[in-house]
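Just so you know, structure 1 and structure 2 below are the same protein chain in two forms, each on its own as C-alpha cells.
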Structure 1
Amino acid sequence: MKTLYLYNTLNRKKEEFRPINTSPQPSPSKGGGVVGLYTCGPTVYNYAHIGNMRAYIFADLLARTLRYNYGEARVKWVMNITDVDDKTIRDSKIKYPNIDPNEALKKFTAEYEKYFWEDMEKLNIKKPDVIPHAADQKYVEKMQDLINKIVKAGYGYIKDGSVYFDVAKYYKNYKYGKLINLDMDGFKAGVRIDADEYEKENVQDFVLWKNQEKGDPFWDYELDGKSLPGRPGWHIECSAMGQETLGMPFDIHTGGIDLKFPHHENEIAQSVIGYNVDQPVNYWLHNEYLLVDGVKMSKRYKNFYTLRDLEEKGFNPFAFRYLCMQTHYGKQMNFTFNSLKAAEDGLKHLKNQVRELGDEKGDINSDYKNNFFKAINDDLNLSKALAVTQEMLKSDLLGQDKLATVLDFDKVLGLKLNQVDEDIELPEDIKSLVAQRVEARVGNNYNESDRLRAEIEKRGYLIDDTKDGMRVVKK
C-alpha cells in the first residue's frame, strides 16, 4: 500500500492520510471498510460556472485517487444537492409565483440540477455514490433531529419562530475557528444572523432553522411544544446529510475555500455538539479559486463562464478538465481563453500519441506506475502525474505496454485518452455552413461544396470526409 499525503486545512499541513476503517478485508461485502468522502454540492438556483466546476473536478480527481489506492468499491463518495436555501427560495418564487411554494422550489431546483449533471458528465466527473437532497422530507427530519439535540444540549435557542446556534457558549467551551483564524474580539453574544452566507467580520449566532416567511416554502417542525413551520439553515443541511450517509466521524470533506467560513466552521460546531464527537471530519480539503483577470469567478461579479459558453466557442469540455489538472488545486488559477486553447492542443497531442500505440494492450509498467502513484499521492500533484505520463510515452517501452500503462493512469486522469473525439458542439454559423455543404454534396454540386469547405476553413474549422461520414474539427 502506498502512502497518500493530503493537505489538511484543519492542521494547515500536508499529512499522511489514515482512513478510519483500516480493515484489511478486500471489499465491503467481505467486511472491509470504505473511505468516506463528502463534497459540498451545488446550490441549484442557476447554471454552475466553470469556477464551481473546478471544485468538482478537484473532488473527482480526489475520489479517483482514493479508488486507485484502495480499490473501486472501497470509496463512498457523497455529494449533496442544496435545493433549499435563501437563493433557491428567492428565485423559485420569481419563476413560479402562482404555484404552491414547496412545489415551485422543487420544480425550479430540478431544472438546474438537470443542467448540473449534464455538465458533470461532459467533464467526465463520475457520479457520486450517494446524492442526498437537502429538501427531501427524509433529510429534513434528520436535520430537525440534529437541531433537537443541539437545543437539548443547551447550545441552541428559539427566537421569533427561528432556532439559532449559541456561538458565545460554544466559543467558551470549544475552539470556534478551526479552519480559519477568527478574530472574536468584535463578537457580540446574542446577536443573530439569518442569512446563509456572511463574512467573517459578522461572526454571530447563526440560524439552524428559519421561520417561514409569508409565501415561502416550509416544513412542519415542533420543538419544545412549539410549532415552528419553516426551513433548515444551509449549514445544518450538510451536518445532517454527512452523518446520515457516512456516519460520524468520517474521513474527508471537500469544498472551495470560500466554504471554510462560515459553512464548514458551523458544520463542525453543530456536529461537535449534536453528534457528540470531538472531530466530525478528520481531513478537510479546500480548492482555491478560479480567477478571471485576478478576481474570483463568481455570479456576483458577473465575470463567469459556464461550460455551455465554452462549448459555444467551440471548445471541448475535456480541455477545461485538462487545464484544471495543470495547476495544483490548492493554488489560484487564472482563466484565459489562450490557456484553454493551449490545453486543448496539449490534450489533442496526448490523444494522438495514444492513438498511435494501436489497440493491443501489454503489461502495465511498474516503474512508471510507481512514479505516477508518487505524484498523485503527493496531495494530488496532477501536473507531475502528467509529466510522468509524457515521460513514459516517450520512453523506449513497447507500444503495447505503453498503452496498458497509459490507460491505467487514465483511471485517475479521466481524460478518455483512447476515445476518438466526438464531434464538438459547433457554433451556429458553422453548423449552418456544414448543413449547406451536406446538401451541396447530396446534389453532386462539388463546386459549391468546395466553396463552403473553404469558407468553413476561413472561420477556423476543418472538415474531414471519412468513410464513416464527415467530421468537423477546430483548426
Structure 2
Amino acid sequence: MKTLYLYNTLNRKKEEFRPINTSPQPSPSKGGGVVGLYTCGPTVYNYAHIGNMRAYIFADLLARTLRYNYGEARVKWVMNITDVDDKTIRDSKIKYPNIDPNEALKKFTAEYEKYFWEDMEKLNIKKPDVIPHAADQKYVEKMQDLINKIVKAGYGYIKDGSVYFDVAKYYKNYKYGKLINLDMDGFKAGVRIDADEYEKENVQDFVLWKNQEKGDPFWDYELDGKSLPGRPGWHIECSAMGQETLGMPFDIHTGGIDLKFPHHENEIAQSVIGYNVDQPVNYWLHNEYLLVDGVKMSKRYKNFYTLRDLEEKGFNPFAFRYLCMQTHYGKQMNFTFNSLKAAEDGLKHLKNQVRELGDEKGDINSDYKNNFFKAINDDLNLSKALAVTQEMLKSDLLGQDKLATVLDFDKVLGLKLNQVDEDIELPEDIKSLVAQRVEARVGNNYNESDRLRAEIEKRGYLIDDTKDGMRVVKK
C-alpha cells in the first residue's frame, strides 16, 4: 500500500492519510471498512458555473485517487444536493407562483439538478455512491433529531418561531473557528442571523430551523411542546446527512474555500454537540477560487461562465477538466480562453499519442506506475502525474505496454484517453468543403486536397486524417 498525503485545512499542513476503518474487507453497513468521503454538493437553483465545476472535478480526482489506492469497494463517496434554502425557495416562488410551494420547490430544483448531472457527465465526473437530498423527508427528520439533541444539550434556543445555535456558549467550551483561525473579538452575543449564507465578519448565532414565512414551503416540527412549521437551515443539512450516510467521525470532507466559514465551521459545531464527537471529520480539504482573467468571476464583470457557455464557444468540456489539472487544487486557478484553447490542443495531442499505440494492451509498467502513484499521492499533484504520463509515452517501452500503463493512469485522470471525441455538427459550408476534399483525395488530386484543407482551416476548423477516415474539429 502506497502512502497518501493530503493537506488538512484543520491542522494547516500536509499529513499522511490514515483511514478510520482499516478492515481488509468492505462492509455493506454504514462506514464499516470503507474510506468515507463527503463533498458539499450544489444548491440547485441555477446552472453551476465553472468555479463550481472545478470543485467537483477536484472531488472526483480525489475519489479516483482513493479508489486507486484502496480499491473501488473500499471508498464511499457522498455528495449532497441542497434543494431547500433561501435561493431555491425564492426562485421557485418566482417561476411557479400559482402552485403549492412545496411542489414548486420540488419541480424547480429537479430541473436544475438534471442540468447539473448533465454537466457532470460531460466532464466525466463519476456519480457519487450516495446522493442525499436536503428536502427529502427522511433527511429532514434526521435534521430535526439533530436539532433536538443540540437544544437538549443547552446549545440551541427558540426565538420567534426559529431555532438558533448559541455560538457564545459553544465558544466558552470549545474552539470555534478552527478552519480559519477566527478572531472572536468582534462577536456580539445574542445577535442572530436567519440568512443561510453570510460573511466572515458577521459571527452570529446561526439558524438551525427557520420559521415559515408566508407562502414558503414548510415541514411540520414540534420542539418543547411548540409547533414550529418551517424548514431546516443550510448548515444543519450537511451535519445530519454526513452522519446518516457515513457515520461520525468520518474520514474526509471537501468543498470550496468559500465554504470554510461559516458553513463548515458551523457543521463542526453542530456535530460536536449533537453527535457528541470531539472531531466530526478527520481531514478537511478545500479547493481555492477560480479567477477569470485574473479577477473574481461575477455577472457584474461579465466574466461569469457555465460549462454550457464554453460549449457554445466550441470547446470540448474535457478541455476544461484537463485545464483544471494544470493547477493544484489548493492554489488559485486563473481561467482564460487562451489557456482553455491550449489545454484543448494539449489534450488532443495526448489522445493522438494514445491512439497511435493501437488496440492491443500489454503489461502495466511498474516503474512508471510507482512514479505516477508518488505524484497523485503527494496531495493530488496532477501536473506531475501528467508529466509522468508524457515521460512514459515518450519512452522506449513497447507500444502495448504503454497502452496498458496509460489506461491504468486514466482511471485517475478520467480523460477517456482511448476514446475518440465525438465529431461536432458542422456548418453547411464546411460540410461542402469536406465533401469536395474527400472527392479530391479519392481522385488522387492532392494539390486540390491541400487547397481545401487550407480553406477549411481558414474558416476555423482542423482536418485530422486518420486510419479510420477524415475527422474535422473546431480550432
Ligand code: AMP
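Heads up, when I say rigid core I mean the largest set of C-alphas that superpose within 1.5 Å between the two forms. Throughout, residue numbering runs from 1 along the sequence of structure 1. In this text the structure is predicted, and so the values were computed from the model without any measurement.
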The form predicted in complex with ligand AMP? Structure 1
- Task: Superpose on the rigid core, then tell me if the C-alpha of Arg441 is displaced by 2 angstroms or more between structures 1 and 2.
- Result: yes
Classify Glu455 as shifted (yes) or not shifted (no) between structures 1 and 2, where shifted means its C-alpha moves by 2 Å or more with the rigid core superposed. yes
inquiry  = So, superposing on the core, is the move of Lys411 at the CA at least 2 angstroms between structures 1 and 2?
reply    = no
In Å, the rigid core superposition gives a C-alpha shift for Ser432 between structures 1 and 2 of 11.3
